[in-house]
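A lone chain, given as structure tokens: the form predicted on its own.
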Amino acid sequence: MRPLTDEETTTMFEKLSKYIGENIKLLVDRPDGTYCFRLHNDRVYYISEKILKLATNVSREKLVSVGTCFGKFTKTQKFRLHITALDFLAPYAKFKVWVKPGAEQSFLYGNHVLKSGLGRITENTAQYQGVVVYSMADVPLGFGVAAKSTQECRRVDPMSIVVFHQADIGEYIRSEDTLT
């Protein structure tokens, strides 16, 4: 495990800021201790400094995972968020989308959110803005990118895509071999 370089940190924080804005600092400076981001096997882990000190006793070859995996760097050095980061993104999300009960299952199977399945959307959501997708009972289901702004969503036909799918909690089952 090693600290992220400046370039990796910038890339990761730019991706996180699309979803939670300036609330990134709330992830690092928490009242229950100091947390940090560490890189291991191209994956970024969110870990408390207490656990980090304990993890230094394990060799790199034997260490599989420690902390919460926030995402991974691709071979082209782009950062992709994993669904395991949802529990930390949801409380701080600036833009939210609620889907109707009938559209929940479709989203959890990995499909985009259509206008017909849209329950509510946060005001002033811009096009291509990162959003957290909730059920109507305020349960976070995943996250995506707004395909249309809030104003455009009011005028489009029911079969238009309003949120592009990025990740959902159904991935815990679909991709259980690759999630660490």
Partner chain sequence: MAACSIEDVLAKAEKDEAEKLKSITVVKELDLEFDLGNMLAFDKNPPDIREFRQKNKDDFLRSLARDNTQLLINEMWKLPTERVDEVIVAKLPEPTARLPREKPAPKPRPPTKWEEFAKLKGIQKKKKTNLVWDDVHKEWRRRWGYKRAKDDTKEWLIEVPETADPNEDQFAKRNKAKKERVAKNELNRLRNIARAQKIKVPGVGLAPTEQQSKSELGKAIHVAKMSTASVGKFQERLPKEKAPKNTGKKRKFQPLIGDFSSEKQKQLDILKIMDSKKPRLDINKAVNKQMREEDMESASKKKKGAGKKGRKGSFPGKKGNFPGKKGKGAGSVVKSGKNRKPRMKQGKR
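Residue numbers count along the first chain shown, from 1. If you're wondering where the values come from, they're calculated on a predicted model, not measured in any experiment.
Below, we turn to the form predicted in complex with the partner chain, even though it does not appear here.
Participant: With the partner absent here, would 10, 49 and 119 each sit within 4.5 Å of the partner chain in the model of the complex, counting heavy atoms only?
Facilitator: Contact check passed for all of 10, 49 and 119.
Participant: Whether residue 59 contacts the partner chain in the model of the complex should be assessed with a 4.5 Å heavy atom distance threshold; does it?
Facilitator: Because no heavy atom of residue 59 falls inside 4.5 Å of the partner chain in the model of the complex, the answer is no.
Participant: State yes or no: in the model of the complex, is some non-hydrogen atom of residue 177 no more than 4.5 angstroms from a non-hydrogen atom of the partner chain?
Facilitator: The answer is no: residue 177 has no heavy atom within 4.5 Å of the partner chain.
Participant: Looking at the partner-bound form in the model of the complex, is residue 112 within 4.5 Å of the partner chain by any heavy atom?
Facilitator: No, residue 112 is distant from the partner.
Participant: Is it the case that residue 69, even though its partner is missing from this view, gets within 4.5 Å of the partner chain in the model of the complex, heavy atoms only?
Facilitator: Contact check for residue 69: no, nothing within 4.5 Å of the partner chain in the model of the complex.
Participant: Does any residue in 19-52 get within 4.5 Å of the partner chain in the model of the complex, counting heavy atoms only, and if so which ones?
Facilitator: Residues within 4.5 Å: 22, 24, 25, 28, 29, 34, 36, 37, 38, 49, 52.
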